[in-house]
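Take a look at this single chain in structure tokens; it is the form predicted alone.
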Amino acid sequence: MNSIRLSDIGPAEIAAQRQRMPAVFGMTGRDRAIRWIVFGAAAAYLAYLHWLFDFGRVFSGLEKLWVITRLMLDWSAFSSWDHVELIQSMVETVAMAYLGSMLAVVLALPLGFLGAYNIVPQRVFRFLTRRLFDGMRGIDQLIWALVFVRAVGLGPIAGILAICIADTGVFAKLFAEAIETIDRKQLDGVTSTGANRLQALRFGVVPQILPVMISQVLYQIESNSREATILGLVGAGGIGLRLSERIQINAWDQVAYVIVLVLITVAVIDFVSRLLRMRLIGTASRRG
């Protein structure tokens, strides 16, 4: 077998190979120029945004941030705070998240069947149903809360409705996608026993999607417990409303206390949700 030594390769052959396969010989001058132009443009745009948003105020506000932090850590007046009101508001927030999520499940389950192609084959109807899902979940809960605060007034009802509408779109989409992945044989088996359409869906489809439903609903309740705090800032009730009041009067020690309450509540809900998910999904899987 003939071996080629480096000394046997002349400049002409190297030039020909460089022209034929330029990437093998490293980056060309043109590629380097393009890269530097892109990097320069990105750096210039970053500098422009820094100037546009006056990002330097972050550094000038560090001293005030340090003062707020020290005030948040001063709990010397802990015994004089209205603990009952704050805990009741925290319970109200969790209730908002739970009730809004459960109402969303009730509305989303039939919509999920209507949005699944293996249940409703009509493309136009299914397309319109899917766009309804997009409209519900495409608008943030905070926007829905502002709308319902105007419609029904301040309080937890506005928060519950905001969570319900936004989660209905999320759940309906997830349920529809879960329904589309079912094993058709189980549905056909139930139908072959003489079951009507509703019975076939109840015993042939629901057991297959139940683990997914339980997992998503439990996670969404946990997530909504955090979101409901934000909804309270716009008047939708719960602990967020108390948090907003404390911020307005610069009661930063109580603001920190409310944040701690929220973190503890979310951690407890996460722990309980994980236990329920492991137990209920295991049971549902064995039944399915």
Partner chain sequence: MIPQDPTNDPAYRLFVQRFGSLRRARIAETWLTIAVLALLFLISAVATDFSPEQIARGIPRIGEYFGKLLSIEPKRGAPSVPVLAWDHLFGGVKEPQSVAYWFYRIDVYTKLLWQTVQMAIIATVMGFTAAFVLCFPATGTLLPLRPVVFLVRRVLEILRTIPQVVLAFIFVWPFGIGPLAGILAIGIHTTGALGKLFTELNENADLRAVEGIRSVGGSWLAQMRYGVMPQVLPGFLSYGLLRFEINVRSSTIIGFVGAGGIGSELKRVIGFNIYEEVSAICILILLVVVALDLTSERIRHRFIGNTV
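Positions refer to the first chain, counted from 1. As the structure is a prediction and not an experimental result, all values here were calculated from the model.
As for the form predicted in complex with its partner chain, it is not shown, yet the points below apply to it.
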Point to revise | Partner contact for Trp144 in the predicted bound form: its partner chain, 4.5 angstroms, heavy atom | key: yes
Review point. Can you check whether Pro156 is within 4.5 Å of its partner chain in the predicted bound form, heavy atom basis?
Key: yes
Check your understanding: Val212 near its partner chain in the predicted bound form, any heavy atom under 4.5 Å?
Key -> no
Exercise for review: Indicate whether Ala108 is a 4.5 Å heavy atom neighbour of its partner chain in the predicted bound form.
Suggested key: no
Point to revise | Which of 170-178, 193-201, 121-129, 85-93 sits within 4.5 Å of its partner chain in the predicted bound form, heavy atom basis | key: 85-93
**Study point:** Residues in 60-80 with any heavy atom within 4.5 Å of its partner chain in the predicted bound form
**Key:** Gly61, Leu62, Lys64, Leu65, Ile68, Met72
